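Encoded as structure tokens, the following chain is the form predicted on its own, with no partner shown.
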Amino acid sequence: MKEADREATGLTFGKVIRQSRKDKGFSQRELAHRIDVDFTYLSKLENDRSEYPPKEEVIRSLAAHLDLDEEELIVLAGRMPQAYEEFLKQNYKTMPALLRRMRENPEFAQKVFEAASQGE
């Protein structure tokens, strides 16, 4: 699901987790035990009241137990998927030049955005 679709539907990380947990028939305590976190923490996550995004390993464990897409869940949680982070780490020196060119040439920027959206 694309970000615009998520915003239109009001989906949040917590809402997705809560609904998926209920669909699977897990109690909060049962799911928390399966992913090795305290149930009060899971409650905060489901209510979007956590002070910081969950660790990627927690997100991946939730995705595995709830049959959700890991990368989509990572984005919903406000984290950057590891593949993108690795790409940025490897290409951080060229990013400023790319961003400058996109700012100076909106037509080029549009092509970049179109190519990026085809990859989703």
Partner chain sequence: MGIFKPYRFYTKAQIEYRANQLLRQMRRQGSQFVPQWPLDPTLVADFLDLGVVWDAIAADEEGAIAARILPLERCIEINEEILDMPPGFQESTLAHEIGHWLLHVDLEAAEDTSQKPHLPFVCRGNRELREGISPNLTQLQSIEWQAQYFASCLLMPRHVLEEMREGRNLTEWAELYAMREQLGVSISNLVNRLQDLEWIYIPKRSRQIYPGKALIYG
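Numbering follows the first chain given and starts at 1. Predicted, not measured: the structure shown is a model, and the values here were computed from it.
From this point on, the text means the form predicted in complex with its partner chain, which you will not see here.
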Of 55-63, 34-42, 90-98, 68-76, the segment with heavy atoms within 4.5 Å of its partner chain in the model of the complex is residues 34-42
Exercise for the section: Give a yes/no on whether Lys22 approaches its partner chain to within 4.5 Å in the model of the complex, heavy atoms considered. Expected result: yes
Of the residues spanning 47-63, the ones with some heavy atom within 4.5 Å of its partner chain in the model of the complex are Asn47, Arg49
